[in-house]
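Form predicted alone, single chain, as structure tokens, below.
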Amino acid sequence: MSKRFVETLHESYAQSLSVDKVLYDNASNLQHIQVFENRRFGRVLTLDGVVQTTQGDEFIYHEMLTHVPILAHGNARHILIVGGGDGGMAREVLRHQSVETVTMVEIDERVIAFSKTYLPSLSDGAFDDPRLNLVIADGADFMIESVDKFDVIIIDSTDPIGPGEALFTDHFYSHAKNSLAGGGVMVTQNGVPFLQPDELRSTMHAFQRLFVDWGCYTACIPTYAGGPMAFGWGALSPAPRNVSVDMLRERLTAARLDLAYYTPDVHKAAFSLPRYIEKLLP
């Protein structure tokens, strides 16, 4: 019988995955990192006892946190990714040939190193793309010090514990908003609202104060268990959210992307929220 990995994120609920083979188990000065194989989900990356991504379902998360803001924007040339050390977000952003520069800020370079070795399909060569500028730094500090402007900012953070906690504060969101170019969009990872309501609620209160257009959209990702995951949405203009399905189709066709989850219809529907999530918005 194989060993079991039991996630420790929630006190009253847990998911369990079979550990069919351990590929990596080590602690950096910041995080305990594990990679193991599971028969259904393939290789699984965990940080401090919490599932971060799997080969089996990562495409849902990465496509929805990337293509929704980029295709909604319509002319995104300069992108900032905060977090995303596994390279999956960079991979999806760089599939847009119209994107000129991608700045990726990751706090722990060991996450990148072992992801290249143990999860190479996630980055799929993204770290070798000349358009990628990789910065090893604390994302919160980077945002305070940066003078560059970005069309889209993607906050691909861990949950608000440990190193990821600083990426969920009003202070961080304010600096991030100031780093957006005109018409810019910022999206965030905001957990599973059924189990983590405060995570979405606090972000939405900050976004209400900061953005002309704010809210969230959702997608169901099997290993982010407990219901649909929420992605925060903050924009300097209402135009990106109001783009039509037909226009999204035109942009997707022009981008020549063959995607596994995202469609223009899914994009629009993702902003339709179940009532229990609506109630978390101010």
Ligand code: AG3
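Numbers for residues come from their place in the sequence shown, where the first is 1. All values reported here derive from a predicted model rather than from experimental measurement.
The protein also exists as the form predicted together with the ligand; that form is not presented, and the subsequent description refers to it.
Asker: Does the trio 72, 186 and 218 actually contact the ligand in the predicted bound form, every residue with a heavy atom within 4.5 Å?
Answerer: No.
Asker: Give me the residue from 192, 76, 206, 94 that has a heavy atom within 4.5 Å of the ligand in the predicted bound form.
Answerer: None of the other options qualify; the answer is 192.
Asker: Can you pick out, from 248, 51, 33, 64, the residue that has a heavy atom within 4.5 Å of the ligand in the predicted bound form?
Answerer: By the 4.5 Å criterion, the partner-contacting residue is 51.
Asker: If you check in the predicted bound form, is residue 229 within 4.5 Å of the ligand, heavy atoms only?
Answerer: Although the ligand is absent here, residue 229 would touch it in the predicted bound form, with heavy atoms inside 4.5 Å.
Asker: Residue 41: heavy atom within 4.5 Å of the ligand in the predicted bound form?
Answerer: Outside the cut-off, so no.
Asker: With the cut-off set at 4.5 Å between non-hydrogen atoms, does residue 214 touch the ligand in the predicted bound form?
Answerer: Result no; residue 214 lies far from the ligand in the predicted bound form.
Asker: Can any non-hydrogen atom of residue 9 be found within 4.5 angstroms of the ligand in the predicted bound form?
Answerer: Yes, residue 9 sits close enough to the ligand in the predicted bound form that at least one of its heavy atoms falls within 4.5 Å.
Asker: Which of these stretches, 33-41, 252-260, 235-243, 55-63, has heavy atoms within 4.5 Å of the ligand in the predicted bound form?
Answerer: Result of the contact check: 55-63.
Asker: From first to last in sequence, which residues of 85-105 have any non-hydrogen atom within 4.5 angstroms of the ligand in the predicted bound form?
Answerer: Only 86 sits within 4.5 Å of the partner.
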